[in-house]
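Presented below, as structure tokens, is a lone chain in the form predicted alone.
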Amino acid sequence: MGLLEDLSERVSAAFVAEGLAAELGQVRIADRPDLAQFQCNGALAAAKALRTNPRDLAARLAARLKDEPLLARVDVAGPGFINLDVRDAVLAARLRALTQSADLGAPQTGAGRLAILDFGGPNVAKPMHVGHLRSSIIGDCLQRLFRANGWRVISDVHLGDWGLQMGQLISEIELRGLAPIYFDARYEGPYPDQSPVSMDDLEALYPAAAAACKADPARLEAARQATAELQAGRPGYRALWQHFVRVSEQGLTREFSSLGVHFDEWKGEADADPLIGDMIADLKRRGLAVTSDGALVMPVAEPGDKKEIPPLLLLKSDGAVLYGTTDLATILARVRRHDPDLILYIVDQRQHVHFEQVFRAAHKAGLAQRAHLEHAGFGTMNGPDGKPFKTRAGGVMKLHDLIAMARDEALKRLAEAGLAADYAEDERAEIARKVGIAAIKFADLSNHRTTDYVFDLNRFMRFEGKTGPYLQYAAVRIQSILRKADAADLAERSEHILASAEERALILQLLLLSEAMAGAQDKRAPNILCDYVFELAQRFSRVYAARHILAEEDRAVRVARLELARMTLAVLVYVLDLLGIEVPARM
């Protein structure tokens, strides 16, 4: 049980003893840490409902808590706040228990539960760009967090590998006379194992095909016809499409790996295609899907809606399926295959109405429970002009180029700070890679996911302030302290209780890890972890500035401070790993 949870349970018991609701006893971190460690504001709400004096009620509650063994102090402040301080001996005992916990006391909120996380979402035949960054970084952090909290997690990249874009590519290859064997209707295979196009080829072919289709209606019709034949199962087109997917997956795996992001499944829209026919027939049979202006739609509006929720479009008038159709079939496939407790989509906030339509349709059709479907949207990563981030030339920046830019800036900052100057070139390059990725990830995750933010690499790369590189350096500094420590001191376990204000504050922060992890999961908010780990680094810095560690003459105190440093490092590295940030061995 986390410290806040434990305190809340005990204070809630006091409220119940006074005939009040248990939920009024929730304890929180004090707004004024100079006055108390924790506070409970429930007496104010209770007194208002009872029309009694809140301070008198708070005093009665405090009296019930005065003999609580966890607490060193209970008093009433202001109009009826209950202030609480925990005994130093209790903090020391809980810290020792934390050091012996394999999972650092992570809350096992997901024990026995399965979550499918859908994020990333790149398209086949297209390079990853900065538009994929937030989904990838936030989604990866959440999958790491859910796993740490005891969930069984299946992450799915959900490729955009179906639809008109595939028909555009296929028709472009045919028009250019490339790989004619795939277009010979008399040939039935086998087709070559080697792809006739590389990822570089696809990156050039797709924009050309898209531009041609936009400019020429006849060319667009050819692409639509190719799409229809692909989806109908034409062998040559299917074989060519499979090459597109395999070639793209190889490139995408490298791109995601450069961010330290990995997936359990590489499913795509095409994987749901075999289910669509029967699903549509069933929806029509039950009267859930109806014809509107030649298209097939599923009404999903509900009586209490405050704004219009349009019907979910299932089939266009020409019979073509849409994203909503494949998303609905994908839910059906996931429920049949895995029966998850949660399917969480980490996708741009601008898609919220789309997911609301799909989720309502899935629930209405009995494909999934509405409570098991959730969209965790996010804002945009913008440039200095406040618009979605672009290259200096005004184009969309490739993810590979962004990472290279961050690495180069990291090398420059390391040189300016005099860090890693005498290391081997390959080690310095590896440190720069880790620092660059940390700058990108922390900058993104430290903002609440629903907010837009301005990408400023110059600010994000600093080794001071609330940045990824600062946190890496904080961890590296502790590693350096521990390397210099006497081996005998490190081997000993101390019973000494550290009680200075700075040390007490650091211990309290360490003991709040469980609450930070639970809160970040509940709110799908990695910024809670960022706030927590930054505060942890700050509190250690204050200890380091105010108290001797290696130079401390009292061995019992020195050993205790080294143990505190070691625990701080363990939690720093652990939380940074949840954020997908690696810590170098040295700088």
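These figures come from a predicted structure and were not determined experimentally. Residue numbers here begin at 1 and follow the sequence given.
Missing here is the form predicted together with a small molecule; even so, the following discussion is about that form.
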Practice task
Examine R144 and determine whether its closest non-hydrogen atom to the small molecule in the predicted bound form is within 4.5 angstroms.
Solution key: no
Problem - 4.5 Å heavy atom contact, K441 to the small molecule in the predicted bound form - result: no
Practice task
Check whether N123 has any heavy atom within 4.5 Å of a heavy atom of the small molecule in the predicted bound form, and answer yes or no.
Solution key: yes
Problem - Any non-hydrogen atom of E255 within 4.5 angstroms of the small molecule in the predicted bound form - result: no
Exercise for the section: Could you tell me which one of Y191, Y187, F355, Y453 places a heavy atom within 4.5 Å of the small molecule in the predicted bound form? Expected result: F355
Completion exercise
Of R413, H372, H132, R449, the only residue with a heavy atom within 4.5 Å of the small molecule in the predicted bound form is H132
Problem - Partner-proximal stretch of 454-462, 153-161, 78-86, 193-201 relative to the small molecule in the predicted bound form, 4.5 angstroms, heavy atom - result: 153-161
